[in-house]
Ligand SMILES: Cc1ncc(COP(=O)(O)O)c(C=O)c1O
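Next up: just one chain, as structure tokens, the form predicted on its own.
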Amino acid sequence: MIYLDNAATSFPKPPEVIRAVKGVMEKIGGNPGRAGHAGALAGGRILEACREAAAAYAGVSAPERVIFCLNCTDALNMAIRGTLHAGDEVLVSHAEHNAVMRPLMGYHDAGKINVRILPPDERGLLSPATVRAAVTPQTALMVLCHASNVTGIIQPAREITRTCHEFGIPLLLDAAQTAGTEDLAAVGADMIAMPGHKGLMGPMGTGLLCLGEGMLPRPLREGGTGSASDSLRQPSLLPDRLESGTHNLPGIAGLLQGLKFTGWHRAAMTEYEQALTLRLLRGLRRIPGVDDYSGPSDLPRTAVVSFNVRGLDSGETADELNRRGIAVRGGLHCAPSIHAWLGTSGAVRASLGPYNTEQDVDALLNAVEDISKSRRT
């Protein structure tokens, strides 16, 4: 199987990630913060090392401001639900994932908040000037999808963050598609939500919410934290305020190694994936009967390319590619807003990772050309 679905989850994982997960399961018996024996203390050291690595990557001031989550969706819900109040207004881009839009629209439909979706320019970029013009006295939060999981286009997040800060508005960055490949510290976002299992190369079931200074969301869950156990009330200090219950220690151990792996190889990985992406884009644009939705080639982008074979539903094309041993994703990708802007009812998405090769790209191009040719004839 040629795996080209890295935007859903990266595969394969680096060997050190797999060893770390296995090592915890085999060698560390203990629940961090719930005992003082050697196993529990060893687990606690893994948690702290992962916080420190994530804090350095995200540019937050202290490791305790890194919150372990179930996934990126959990992190986004924690930030959104823990920050907003009745009467608030939220600005979002046109490319938001349902992990952002569903919690926001739930509040919006209940009459608790107002949500405004901001239009991009013709290239798919959200302008800081558009954000500036949209701000009202009720604007309390900006949520920005750093890079679309459909087009791959990276938004000018640093400039948009600066614009929000001119008005004292915090920015929540959805880094689902950029964590591991982009310099997130340079963005200066107030909150960053990221998955552990995509570009950071960690296991599924891991995610991070990184909190800038002054950000203290209300907890979604309350319960045992291993601290202040004499109190019947949730601790107020981070990270315990937001981390009730037992941690996913095997997953976090793997995530730590993923953070190290991407930290060592980030520049080379990004350059390599960009070269593969350009090869794929150029190839698709030479095939008659194929439409791609990646925008101008000179835009900053992730290693995500979406396309359709004319006359075929995206699911049909994805199924045909699967029969040929190529794993891609068809459909709406949980991002109906960007498809509405593109005017599509779905697309085939090929997403590249550091373990893909030029041969993988060429195999996909040959298969798509054959499928398109068969459709035309």
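The first residue of the sequence shown is number 1, and the count goes up from there. Because the structure is a prediction, the values reported are computed rather than measured.
Although not depicted, the form predicted together with the ligand is the subject of the following passage.
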{"property": "Listed range touching the ligand, judged in the predicted complex by heavy atoms within 4.5 Å, from 173 to 181, 107 to 115, 216 to 224, 232 to 240", "result": "173 to 181"}
{"property": "In the predicted complex, the one of 126, 284, 276, 72 near the ligand [non-hydrogen atom within 4.5 angstroms]", "result": "72"}
{"property": "Partner-contacting position among 305, 76, 191, 200 - heavy atom within 4.5 Å of the ligand in the predicted complex", "result": "76"}
{"property": "Contact of residue 4 with the ligand in the predicted complex (heavy atom, 4.5 Å)", "result": "no"}
{"property": "Heavy atom of residue 301 within 4.5 Å of the ligand in the predicted complex", "result": "no"}
{"property": "Contact flag, residue 99 vs the ligand in the predicted complex, heavy atom cut 4.5 Å", "result": "yes"}
{"property": "Proximity of residue 145 to the ligand in the predicted complex, heavy atoms at 4.5 Å", "result": "yes"}
